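Next comes just one chain, in structure tokens: the form predicted alone.
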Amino acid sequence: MKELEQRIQRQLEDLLDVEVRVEVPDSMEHGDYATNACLRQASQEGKEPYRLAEETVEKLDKEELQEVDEIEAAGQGFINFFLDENKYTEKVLEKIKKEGEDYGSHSFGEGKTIVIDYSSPNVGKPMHIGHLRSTIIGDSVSRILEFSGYSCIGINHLGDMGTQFGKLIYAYRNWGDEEELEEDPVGYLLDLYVKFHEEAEKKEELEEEARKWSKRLEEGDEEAERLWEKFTEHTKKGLKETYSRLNIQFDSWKGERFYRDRTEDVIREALDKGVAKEDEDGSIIIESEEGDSPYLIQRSDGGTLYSTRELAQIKYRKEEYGFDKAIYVVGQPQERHFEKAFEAAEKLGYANKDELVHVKFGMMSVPEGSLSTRSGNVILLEDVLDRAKGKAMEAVKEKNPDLAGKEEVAEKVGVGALKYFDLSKKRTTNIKFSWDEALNFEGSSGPYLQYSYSRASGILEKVEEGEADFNGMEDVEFKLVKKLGRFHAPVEQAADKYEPHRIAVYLNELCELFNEFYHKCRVKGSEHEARRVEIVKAFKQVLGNGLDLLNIPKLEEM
């Protein structure tokens, strides 16, 4: 479909000498494609738009547009293109079969490197619902960009600095148990953190003890360093179990602490280049171009900040990876922080602002009482995943009680439900989680897409291939084929705007058409069986490609 669009566009631009947009009309009465390019050109030439459209239609090379059955001039200077069902269907299905897992991919990212920073939980604490959107959106954006030709490097920028380590070190030295830490690393560290605060309410001096350990860690104290490494490695172990459930991997786990020793160079360079200056209180600041509060890179006591380490990691990543773009998948509230950081990085010559991208997203809230918590108001991600699996198991048992491997299917359906619920929404909107919506098997949900995929698999198990004849197709058959031919468009849009919801919405619309086809067009035993088998195979391939981009598990049976 994209190739045909390009051929139409190229011919019209040559004939009219204007930029042409080829669009898909809302109504099939106006063709499968249409353009109003003659409207603008007619005013420049002093012609009537319809007449110019007629002249242009006459000049088009019909041989190059062999998938087009009819071309007509219409009112207001529109040109409408109607596809030849037989030729177009054969070409689309052949292309899907030939390209397989690559169908819908692009090459505009070839030779370019993207560093993508997402998820980024804190060491010593479990992942909670607040990490879900960054993790899921970041992973999908990375997959979409890889599918578009880019080389992507996924980075989990761990929060491994801060006063919480002094508290954890004190708590572990006084109340810690190695076996319990080994058994449930992240949960146990959270319990110790909570216990410290409970005890500190009774004994105020514990806060001072924690500060002392934090200082010792900053100064490179051997025991503090040993315990920090222990907590970090155990946290990674626990986090990797959660990421495994989500089928997510990272290329780098370098956290804040890695950049600690690189901040001195940043501060010195900023002062030497005149980018930064010493403020009245002795701190080091970079003035903001917007006229609001400056970007603080060193406290008056000589201590560095998150902002200093932010600049250090931009410099390091540019030198290490030579990125064409560095993407940060972080919540919308951090928008101004990144604007200042990117502005400062450009002043320092570390990277251009247009190479640095903040992919922001809105917050996700969960109805009160729908999930249990282990501490305070924190809703743990493991609890969300467990609840999703449990809910999915109820649905699986109800719909297919004899299904083999229910545990594995329920896990995949639960994960798919969570991911689609998030990725089907425009990322910048705030969303409220709903179990009913997420686990809806009838439409616009992860399980609905997974069920459509397994339905296609079920059909293909019972039929054999034959010589397909594409004449006399039903309307729903051709509508489904045309939708399959347009898969490239949402992929390109999603890559350009970092918006996975464009693919999620497309897949839902595709499945709606497939299920209409399923109910109206018998496959096995039909006189058109061979043709319909080819359509089902193509549908399964395209849906599978889309599910892979959203990282939603594919199920042959459910």
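Here the structure is a predicted model, which is why all the values come from computation and not from measurement. Start at 1 with the first residue shown and count on from there.
Omitted from view is the form predicted together with a small molecule, to which the following refers.
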Hey, of 199-207, 120-128, 427-435, 214-222, which bit sits against the small molecule in the model of the complex at 4.5 Å between non-hydrogen atoms? 120-128
Position in contact with the small molecule when the complex is considered in the model of the complex, options 300, 249, 334, 86, heavy atoms within 4.5 Å: 334
Taking the small molecule in the model of the complex as the reference, which of 167, 157, 412, 419 has a non-hydrogen atom within 4.5 Å? 157
State yes or no: in the model of the complex, is some non-hydrogen atom of residue 350 no more than 4.5 angstroms from a non-hydrogen atom of the small molecule? no
Heavy atoms within 4.5 Å of the small molecule in the model of the complex: does residue 338 have any? yes
Proximity of residue 310 to the small molecule in the model of the complex, heavy atoms at 4.5 Å: yes
Using a 4.5 angstroms cut-off on non-hydrogen atoms, would residue 316 count as touching the small molecule in the model of the complex? no
